[in-house]
Each structure stands twice: as structure tokens, then as C-alpha cells.
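What follows is a single chain, given as C-alpha cells, in the form predicted alone.
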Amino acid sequence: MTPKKIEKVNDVTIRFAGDSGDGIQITGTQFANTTAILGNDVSTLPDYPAEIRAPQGTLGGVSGFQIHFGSTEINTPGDMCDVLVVMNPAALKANLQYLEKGGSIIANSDGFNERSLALAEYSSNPLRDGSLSHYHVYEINITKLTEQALCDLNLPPKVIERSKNFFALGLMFWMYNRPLEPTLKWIREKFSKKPELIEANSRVLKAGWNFGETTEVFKVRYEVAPARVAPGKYRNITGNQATAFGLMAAAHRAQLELFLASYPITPASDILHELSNYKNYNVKTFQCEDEIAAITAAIGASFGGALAVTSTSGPGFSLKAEALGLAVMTELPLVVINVQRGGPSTGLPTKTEQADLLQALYGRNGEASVPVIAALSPSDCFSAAFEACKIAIEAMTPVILLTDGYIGNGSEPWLIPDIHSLPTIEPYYPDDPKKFKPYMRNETTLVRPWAIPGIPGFEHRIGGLEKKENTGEISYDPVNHERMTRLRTEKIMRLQDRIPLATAEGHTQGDLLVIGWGSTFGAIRTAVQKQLDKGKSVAHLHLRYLNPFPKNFSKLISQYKAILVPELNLGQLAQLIRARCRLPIYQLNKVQGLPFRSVEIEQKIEEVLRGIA
């Protein structure tokens, strides 16, 4: 064998793509988890069709998984990929647009037969017709090599076919010097009751590695050094997992039972699935028959003294609106998680969007103000969920936590915190039955007490009808209604005294402030940093608290000549900011079901700077 050259690189983006039954999500997840174990910074983008099993070989059935990893800080899953691994023609056609010119294509040539070419609407084989001359193309008989590796196991053809993703994974592990053992361990655990599948998948994974090692096709291997990160214990985590852990941590710090009521819905279901594994940590999960049952069950659990949560996505969030008003009226702590997806209606259930902001702020009848918090990355979902719980309990209010499909399904390394280092959460319980009134408020925070049923002296009634101030009796008095409405609203506004002040990264004053919220963080941060490196007068302000805004928000944004707001909607945050200031506000909007690429934001920044020069 010719010795393989080792080339060191700072970062790499790989995209796996194939049919929705090819195990692409497993392949990408295993590569990402192994890469995180090696200490690289990682960001991922799962991209799969809405159908459980879309028509095989068609463009609509393509499943993709993009991974950006490196020895430096990684904020996005990559604008373009360096390597594209494809299992069939449809995967190539759907994903070639994401490959850098000069990049590498690793293709399962066995998948490029006449039928699959026709399904992908190719008139000729792109691997042979010269149309890919701008790329390095490697044709590998992945299916045939998988069959050869398993020829003596007498397995059904379908099982052999499904194993080919591990050949591609083993090859990429070899190419980027990743160990096999983490995935071999996962295979042993995943298929512990099916030894024939342990043997098959392990053998194919090793076959892919050995192919890279022994063939003369590849002359170069790549090495990506570990990233320099703060010391501590890390794990790779998805946003939905981080949300679940944040909820459990908050319940522990509040010394409460955690109760999650949820109706399964993409892409939020994983929160329910994750929490159902932790019954031994005082967690109760309730899979309900519909969205209305889920939120009303959570309200009941809150009345009973639990940290109550309900999780959903956009369509389910719409159905919860009426009951959310009930939680506002009763002033009970409740966390409502909306993992946003493309809409309206069923829309794009497996794709991402940020179009539920105005619904979160105003999507209820009457004046029903609630705090709204948005997570900015997969690992940040832990902190955002914890903070949502803390506000809900300490302010006796429902809180809306916004994430989305991109960060909910995406993953990145997470520094596991010491549970004792997290803030305590202190419920406001009444302590004197003689002075107790259910709607008598703390003079500073306007928070009413949380009286748990069954405690003598604290009997009271709550409900959806307006309450008389202090006593909680039903009241139709118009003056009392306005008084209670203003008190509930003012209670939310007074949260400005406890949430952090807004800060901008970059110039403290200057030409342009780029304002974002939620999952646009990584792309905006990358784009702004590149402009700062060019000496441009720009800054980045990212909002976690969307209601209320930080106390210094208006003052901070007034230090800039213009504002740019990139959003995965048609301009919802921009609309809110425009109502608060007279500065020129520019929008960058995208509703394609995909996150921003940093280059899109960078180009818009340059366009705006030219316009205000």
C-alpha cells in the first residue's frame, strides 16, 4: 500500500444524503457524537422529509444530515459542505447545490441504476457524463461491498441493504481519523436482543474503514485537532434533549415534581420521549389525546403544586390558546414550549421557521400578557428552559419558551453544569392562613401566592371568570376588571427589573446593529464577526427575552444609525422594533424551511452599509 498523506485542517463540513430509509440520520448522528467525543466543536443540521417513508428514490424522499466540525469555534452547521456522501441520484440532485466547487462527492455507484436515475429525473448518469467536472468524484460500490462483507451470514436482502449506511460511516471515520469504538458500542446497545444485527452492522462499519485504509482510491486522510474549550465534562446534545434536562434541573432546584403533559407532534415529541426515561427523578409524563387536554392537564398539575409543562409545535400551540388564557387568568405557573416549524396549518412539519413570535405575544383573546423567552442554540435550550421555569414559578405566570426545529433537532457539545451551581428557584407560598387572600400581591413584584390545595386555611377558588382584587371572588365590576388586567400586565413588565440588560457584541455605537432572536444566533454571529474583522462599524444584539424586552433595549439601539433584523419569517420582530423607534430598520427574511447561511447575512450587511454610507 502507498502510505496515506495526513493533511491538517481547521474545520470541515460533511453532508450525508440518501433515501429516507437509508439510515442517514443515524449515520450523521453517530459521526457527530464521535466527533464531539474527540473534543471538536460541532454543529449539525438534520434535514429529512415529512413522510415516514416517502417514495423511494424520489427527490421528495431525500434525507440529509450536515455536520460542521473543527478545532475553532463552530456556530453554524456550515454554509456549504466540503464532502457530499450520496447513496442515490436523488440525493445527489437535491444536495449538489450545497457542495463547494472543488469539493468531493462520494457516491454509491450501485445506486445509480436506470430506474433510480429516472426517478431523480436524470437523462444520463451524472457520475459519467462530465456534468460533475468541477468536483472530485469517487465512485464506490457501497451496496456490493456491503453484500460481500455479509455474504456468509444468511441475512435477508433487506437487512443487508439497510446496513450500507455503516459502510459509508466507516469510510468517513477513516478519512477524518475518527475511532470506531463509540459506534460499535452504540450498535451493541441498540441491537442487544438481535446478535445477528450487531454482527452485520459492526462488520460493515469495519469494512468501510478498511476500504479507506487499503484502497488506492484515497491518497489523503485529514486531521482536525480538538477545539480549545473551557475545562469540564462535555456531551453532545440536541436542543430537545437540552430542553428536557433544563426542565428537570429547574424542578430539582425548586424542589418540585416535574409534570409534562404533551400530545406527540413533530418536531417537539422528543422532549416527551426524553423525559419519559426519568421517572426515577420525580418526573411524570402524560401523553394526552389532544393538545387541549395536554395544556389543561398541565394547568391542573400546576394548581396541585407541580412544575407543570406542556410542549408542542405551531399547530398545537394554536389549539392551546384558549387554555393559555385560563392560565393567565388564574395566575398559575406554567411553561409552554413551542418547537416552531414551517406553517401555516400542517405546513412543513420537518422544517424550521420562526413564524410564531407574534402568536406567542398576542395569540389569545383579551389582554393576556405572558413572558416570552427564546433559546438561541441546541445547548442553550438547557439555560432557556431553566430560566422559563424560574420565571414561571417566581412570577406565578405562564411562560412561553420558543425553540424551533433547527435547534431542537440539531446538536452541539454541551458543558454539563454542576447542579448546585444553578440558581435556586423559590416559589412564593403563603405562610399565614389568617392573612391569606388568593389574589393579594407582593407589593414589589405583584406576584400572588401559590396556595396548594389540601393545606388547611388556604382554601380558595380560581377559574376563568374575572376575579375580585385580593379575595378572588368572581367579579363583573368593570372597574375591577380594568384594575386586574393592568395588574397582570404590570406584573409581567416588572420582570424587566430581574432580567439581564441587553448587551451588543462588537461596537458599542456605530453604523449598524444586527438584531436577532432564536436560532439565527450562529449565522448572525459568524457574519458580524467577519464584518468586524474587515473593520466595519457593526454590532450584534441577540434577544433572549422577547416579552418584556430588556429595560435598556430602546437606549441601546439608539446608539446606531440603522438596524438590520434577519428572521426566518416575514418580519415579525422587525415589526415590534419599528413600533419602538424611528431608526431605519432593514429586514432580511427567509421562509424556506432552512436556517440562514452566514454568507446570506453577511451580504445583506454589506448592502445596508453601502446604503447608509
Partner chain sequence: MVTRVQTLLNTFSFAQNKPYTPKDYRSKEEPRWCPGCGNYSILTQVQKVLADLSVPPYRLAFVSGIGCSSRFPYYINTYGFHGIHGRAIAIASGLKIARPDITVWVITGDGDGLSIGGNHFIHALRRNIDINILLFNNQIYALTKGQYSPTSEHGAITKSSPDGVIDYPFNPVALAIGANSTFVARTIDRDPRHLQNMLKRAAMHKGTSFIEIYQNCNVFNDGVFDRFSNKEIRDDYALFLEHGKPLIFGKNRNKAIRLNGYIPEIISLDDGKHSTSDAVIYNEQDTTLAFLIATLSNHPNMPRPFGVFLDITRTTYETELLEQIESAITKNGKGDVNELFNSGDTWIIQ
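Residue numbers count along the first chain shown, from 1. Being a predicted model, the structure only gives us computed values, none of them experimental.
Another form exists, predicted in complex with the partner chain; not displayed. Remarks below refer to it.
Shown without its partner, this chain lists D511, E199, E322, E73 as candidates; in the predicted complex, only E322 has a non-hydrogen atom within 4.5 angstroms of the partner chain.
Interface residue among A368, L376, A251, L99, judged by heavy atoms within 4.5 Å of the partner chain in the predicted complex: A251.
Proximity of I391 to the partner chain in the predicted complex: non-hydrogen atoms within 4.5 Å are absent; the residue sits far from the partner. In the predicted complex, none of the heavy atoms of S163 sits within 4.5 Å of a heavy atom of the partner chain.
Using a 4.5 angstroms limit between non-hydrogen atoms, Q287 touches the partner chain in the predicted complex. When the partner chain is considered in the predicted complex, L576 lies well away from it, no heavy atom lying within 4.5 Å. The chain is drawn here without the partner chain; in the predicted complex, the stretch among 516-524, 343-351, 295-303, 126-134 whose residues come within 4.5 Å of it by any heavy atom is 295-303. For the stretch 473-489, the set of residues having any non-hydrogen atom within 4.5 angstroms of the partner chain in the predicted complex comprises E473, I474, Y476, in sequence order.
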